[in-house]
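One chain is shown next in structure tokens, namely the form predicted on its own.
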Amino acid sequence: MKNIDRRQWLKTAGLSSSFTFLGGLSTMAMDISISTTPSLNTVAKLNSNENPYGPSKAVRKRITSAFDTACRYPSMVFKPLLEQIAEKEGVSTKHIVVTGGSTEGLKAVGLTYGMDGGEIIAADPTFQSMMTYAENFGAYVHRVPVDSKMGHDLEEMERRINSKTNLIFICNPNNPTGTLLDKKKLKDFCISASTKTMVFSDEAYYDFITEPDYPSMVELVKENMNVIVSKTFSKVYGMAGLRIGYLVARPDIAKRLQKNIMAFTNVLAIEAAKEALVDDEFYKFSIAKNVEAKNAIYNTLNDLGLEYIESHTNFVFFKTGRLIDEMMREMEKENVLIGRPFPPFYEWARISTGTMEDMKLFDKGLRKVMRS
């Protein structure tokens, strides 16, 4: 779904950042006939922010038909996907670097800008793949604690910029807190910081943002700024197991990053991504089901009087008041898998949205654990 189409659909659907569940949206989600991932019935896997409904029927059909070309190298089917992504983002194909999931893109960027003592600035906690990988090659990471609302402390991050700063990493919406930066503050920060160093905007959860006019930092890439954006097919498209994502950057930057791509992706993932980009029905279905599940989580947490952060993603970060390692063990006994520890918030837990059956298991399990 093109960004312009997405914005218009969000307005039409009546979605907003209020997180109030919409009856019309619920009906739409329920009316779509789609083959869902078979449930184990006994285990709710809610620890990896996956989309339990994907890939869509159309994507599965496309994957099956692609087996005839799976004996060939990906270069045979790659160009049309590159053109589709470029059209979606409103840039040239020279702006796009396709990766084996967005994580490969993050690591390639971390390697490019962090090697041999390069310094990276990032929020803490946030998604760590880039930073931990870069540290293996000699990078120094300035981890800036999130603010009192668990969002990026942009002012402190800007103060950390020095002559050795090679990159600023922003995960927006942030993982694991689910917070969303004010769009004006985000844009102003990226414009200012990009005059001093490279800025990376991880937009893995961008599709779940319900503010219709919230900008992607691809807008700044189009203005030839020192900005790199990552996106993925793992979340809203339900293709986490297929490993495909992409970076958007100025052509000279993209060319440099391409040299550090290692795994790339595969024929089946490429064909799946082509179909996913035109399957608007499943895109809308995924967003609607995510809102439904997220509101079910809110209802459980509100009933139990547990503090949580209103989320702009497909997960919710909430305070249990109990050590996360203990919570993980106790919830697993109730057949619910929840997110890993996110220092320094050891008494907080991250729960992914799942099917409504998963949400019922979560509700039942959490009530039992919190009573014990």
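Just so it is clear, the model here is predicted, and its values are computed rather than measured. Quick note: we count residues from 1 along the sequence shown, nothing fancier.
The protein also exists as the form predicted together with a small molecule; that form is not presented, and the subsequent description refers to it.
Does the small molecule get within 4.5 angstroms of any non-hydrogen atom of K274 in the predicted bound form? So K274 does not count as contacting the small molecule.
Counting only non-hydrogen atoms and a 4.5 angstroms cut-off, does F127 reach the small molecule in the predicted bound form? Yes, contact at 4.5 Å.
Is R243 near the small molecule? Define near as a heavy atom within 4.5 Å, in the predicted bound form. Looking in the predicted bound form, residue contacts with the small molecule include R243, since a heavy atom lies within 4.5 Å.
With heavy atoms only and a cut-off of 4.5 Å, decide whether K235 touches the small molecule in the predicted bound form. Yes - in the predicted bound form, heavy atoms of K235 and the small molecule come within 4.5 Å of each other.
Every residue in L46, I338 and D358 with a non-hydrogen atom within 4.5 Å of the small molecule in the predicted bound form? Spot residues vs the small molecule: no contact at all.
Since the chain is shown here on its own, which stretch among 227-235, 148-156, 266-274, 81-89 would lie within 4.5 Å of the small molecule in the predicted bound form, judged by heavy atoms? So the stretch in question is 227-235.
Have a look at S102, T300, S286, T179 for me and say which one sits with a heavy atom within 4.5 Å of the small molecule in the predicted bound form. After the contact test, the surviving option is S102.
Please pick, from A122, M217, A249, L106, the one residue with any non-hydrogen atom lying within 4.5 angstroms of the small molecule in the predicted bound form. Of the listed residues, the single hit is L106.
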